[in-house]
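Read on for two forms of one protein chain; each stands alone as structure tokens, with the labels structure 1 and structure 2.
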Structure 1
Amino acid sequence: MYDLIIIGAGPAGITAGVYAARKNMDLLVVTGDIGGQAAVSGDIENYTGYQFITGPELAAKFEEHIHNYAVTVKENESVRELRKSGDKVIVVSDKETYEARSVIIASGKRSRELNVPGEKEFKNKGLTYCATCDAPLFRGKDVAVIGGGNSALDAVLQLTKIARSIYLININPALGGDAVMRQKVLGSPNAKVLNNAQTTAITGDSMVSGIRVKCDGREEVLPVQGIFVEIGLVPNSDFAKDIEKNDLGEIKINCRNETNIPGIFAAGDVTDVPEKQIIIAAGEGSKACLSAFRYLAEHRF
């Protein structure tokens, strides 16, 4: 039985882990990867102490920091179930079952999926959720970006220098995001914005060859070889069935990072904390650990 299990190893999970290690708590970290969304961020210029650092570099620093202590980090594991049984919390992953006196959920967010026919079949076969990663593979090709916020605008701007033509397929009547980026997109000669446009299917043979779009009551297939999905993020909270969440699926916490179940805490982007930032997630992780430590002390565990 562990004192604490931390689910996730992004900025929140790692920071909680460092605090827990320094308090000599008997600790386990269960996670899919290290760094979370921070690891796939581009340039980071607002994490105090670093005027400039890339996402992968910061993730490597996080990894180095936690491995500075004798902490067991189980990578490539996905938590499937979480439940309270008496004073214990049971954590079931796709590989093992663990028990702890307290748990911090720091499982973050993932890219939202379109849920249209063809999406699963063509993932990585022309359809991608990471423009930063895969955009250079679409040199001279015709592509579509789906979305209307900053991440979609950012994907379009990365692609203007690479792709031949870009459709920006926006479900809303007008683009969101920052005005500066909107102007740049609207001024790009090889980008075309389709507002009020709904993606209904991804088509192709072995690779993507088109996208079916419903626009102004008409439905047509636009011939593209690449599709970039940039429609926001969803919290990784499905496994936390008994935990109270808001309408977005984010775990509800109070100012001490407590959930509705005693002994289960949450931190970072998976929670309803108002802003999603690397530095906020890190701070929340430390708060959650200190709350868990207090909880264990109060219950004389």
Structure 2
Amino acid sequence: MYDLIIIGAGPAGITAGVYAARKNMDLLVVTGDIGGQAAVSGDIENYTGYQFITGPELAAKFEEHIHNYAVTVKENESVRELRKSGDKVIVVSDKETYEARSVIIASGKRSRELNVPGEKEFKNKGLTYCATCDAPLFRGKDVAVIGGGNSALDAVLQLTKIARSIYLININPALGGDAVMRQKVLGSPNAKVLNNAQTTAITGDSMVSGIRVKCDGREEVLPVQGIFVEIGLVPNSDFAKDIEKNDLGEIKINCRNETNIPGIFAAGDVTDVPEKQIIIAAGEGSKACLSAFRYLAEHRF
């Protein structure tokens, strides 16, 4: 029986873990990986203390920090079920079942899929959801990035140094994201922005060879060897069936990171906190841990 189980080890989960370790809580972290979305981000320029750091470098710092404490981290485990039973919370992963007096859900988000013909067939055969991971595989090739927000802009900026040409396929009338990133993309000589453009299919034989796009009423196939899907994220909250969520599937929390079930807290991108930023997730993780610590202190078990 643990004092606290933290689900996820991105910025929110890692920070909660560090705070819990410093409080000498009997702690377990269950996660698929360490770093979460931060690990697959490109250049990070707005994290306090670092004028510039890459996503993988920051994730390595997170991992180093948590391992400075005697924290048990179960990596490569996916949580399948979460339920409250009396005074304890039961966490069921794809490998084991755990029990705790309190839980922090910091499971983050995953990439949203296109749901168009060819997507499943060509996944990892030229189609990917992570420019930071896979951009080097497309050196000197023609590629497409699908999306119009910060993640899509970040992918384009990474690819301008690697790919021969990049199509940015944006379904909206204009690009979103930060103004600085938009200006960099629009000023890139090998990047072409297609607004009001809808992806209708992925084409190819054994590997991706093209992307079918409908733009201004006309449909054409753009010849590309790589496709990067950057159309947003979906919260990893399916396992928390009894937890109250909003229409997007994000877990509802109050200012103390409490959910609708006592003893279960949530932090980071999986919640309905309006801004999804690394530094905000880290702050929310610390808040959630302090709330969990207060909950344990106020209840007798």
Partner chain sequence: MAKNVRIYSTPTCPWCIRTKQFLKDNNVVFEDVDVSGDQQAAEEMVRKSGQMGVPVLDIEGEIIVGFDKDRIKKALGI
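Take the two forms, find the largest set of C-alpha atoms that superpose within 1.5 Å, and that set is the rigid core. Because the structure is a prediction, the values reported are computed rather than measured. Each residue is numbered by where it sits in the sequence of structure 1, with counting from 1.
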Exercise. Which of the two shown corresponds to the form predicted alone?
Worked result: 2
Problem set entry | Rotation (degrees) of the lesser rigid unit against the larger between structures 1 and 2 | 17
For this session: Just grab the Cα shift of residue 189 between structures 1 and 2 for me, core aligned, in angstrom.
Result: 8.2
